[in-house]
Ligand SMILES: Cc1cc2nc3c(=O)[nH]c(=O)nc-3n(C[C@H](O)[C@H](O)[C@H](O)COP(=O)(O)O)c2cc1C
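One chain is shown next in C-alpha cells, namely the form predicted alone.
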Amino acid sequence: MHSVAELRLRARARLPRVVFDFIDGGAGNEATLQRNESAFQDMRLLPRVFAPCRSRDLSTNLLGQRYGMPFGVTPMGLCNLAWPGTDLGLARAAAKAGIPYALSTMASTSIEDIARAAPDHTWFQLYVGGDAPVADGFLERALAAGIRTLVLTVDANFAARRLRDRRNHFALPLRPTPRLLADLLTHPSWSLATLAAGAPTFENFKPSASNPRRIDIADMLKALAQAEINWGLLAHARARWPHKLIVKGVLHPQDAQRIAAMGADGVVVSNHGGRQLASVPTSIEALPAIRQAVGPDFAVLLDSGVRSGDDIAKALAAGADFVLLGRTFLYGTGALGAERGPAVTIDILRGELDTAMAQLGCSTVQELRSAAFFPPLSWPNRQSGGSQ
C-alpha cells in the first residue's frame, strides 16, 4: 500500500458494505464530502529550486506540547467497527509516532484503556447532551485518567441525514437481514474477526467507578439531538476543565473569535467530515477568515477532506497550526487490520509530507507559508505563536 487511495480501495473490498458505507459516507447528497476533497485537489503547490533541504524536521509545538509530526487522529465513534481493536491500534501507533489520538465519547474502547495505552498522547472529545451530570462524569473520568486536552464538539447536536446508512438500514446492533447475512458471508475476514472479538459497543456508556449507573445509548443519542448547544455550554466546560480546551466544528470567523475570547485554547475548523450537512463550506475554504479573525497566536487546527501528506502541507501553508485526519486512518485499519494499518497510514502520510516539504524548500513545518501555493494566496499566514 503506497497511498490512502489504495488503502480505501482495499478497505472497500474487505469490509461489508454496511460497514464501509458507514465509514465512507456523508450527509445528504454528499456534496460537502466531495467538495472537502476536491478543494484540496484544486490547490496547487509551487516548488522552489536552489533551496536544498537535505533534512526536514516534521515536529511542531501545539498548546505547549511537542509532537513528532503536525497531524493526529481526529475523534471518531465506533472505530472498532472498521476492524476489531482499531481504537487501541490507532492510539498505540499514534503514541509511537509522537502524535495525538483523540478519543471520542462514542468510542468503542474506554477512556481509561486508551489513556493507559497512549499516555501523554490521548485527547478526549466530549459530546454534550441534555444530561449535564453525564457530561461532567466523562470529564471527571478523563481527568482521573491523566488526559490533559479536551476537544469539545459543538456541530453535531442534530441527527444527520446520512442516506447510505438509511439505505443499508444501519443500526447497532446490526439487524440480521438476508442482505446483511449475504454481505457478511462474502466478507469472511471481517466477519470472523468481529465474531471472535464481539460486536463493538459504546464502551464509555457502561458503568464505571465514577458513574455506577449504565447510560442508555438511545437516551444519550436522543439527548444529543435535543441538546441546547449555547455559549453557556462553553463557559461551563471552560470552568470545569483545568487544562487545554479545543472547540471542534467551527466554520464562522465570528464564532472562532468569540470562542477565543471566552478562554478556549484553540479551535478545529471542521465541517464534521461532511457528515452533518451537505451544503456547507469546506474547512480549507473557511480557514483563512478564521485565522484572520483570531490572529496569529491562537491555535487553529483543521480537519475534513485531508487524504494525503500534500493535503497536510496545504493546510499548514494556508494557516493551520495542526491537522487532524479521520476516515484516512479507518481506511488503513479496514485495509490492513488494527495492528498494521495505523502504522502504514502514518508512514504514508509522513513520507508524503516530507517529500512535499523537500520540494517546496521547507526544512521545518514553520517554514510552510502561503507563498508555497500557485498562484500565491492572499490570506494571512500561520505564525509560530499559535502553535506554541
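Don't overthink the numbering: it's just position in the shown sequence, from 1. Owing to the predicted nature of the structure, the values given are computational and were not obtained by experimental measurement.
The form predicted in complex with this ligand is left out here; the points below concern that form.
- Contact annotation: this ligand lies within 4.5 Å of heavy atoms from the stretch 68-76 in the predicted bound form, the single such stretch among 234-242, 109-117, 292-300, 68-76.
- Of the heavy atoms in Leu377, none are within 4.5 Å of this ligand in the predicted bound form.
- Interface membership of Gln125, defined by any non-hydrogen atom within 4.5 Å of this ligand in the predicted bound form, is confirmed.
- Although the partner is absent from this view, Gly85 stays clear of this ligand in the predicted bound form, with no non-hydrogen atom inside 4.5 angstroms.
- For the chain shown alone, Ser104 is a contact residue for this ligand in the predicted bound form, at least one non-hydrogen atom being within 4.5 angstroms.
- Contact here is defined as any heavy atom lying within 4.5 Å of this ligand in the predicted bound form, and by that definition not a single one of Arg56, Lys314 and Ser363 is a contact residue.
- Contact with this ligand in the predicted bound form, judged by any heavy atom within 4.5 Å, is made by just one of Arg275, Arg92, His187, Arg141: Arg275.
- Using a 4.5 Å cut-off on any heavy atom, the residues of 3-34 that reach this ligand in the predicted bound form are, in sequence order, Phe22, Ile23.
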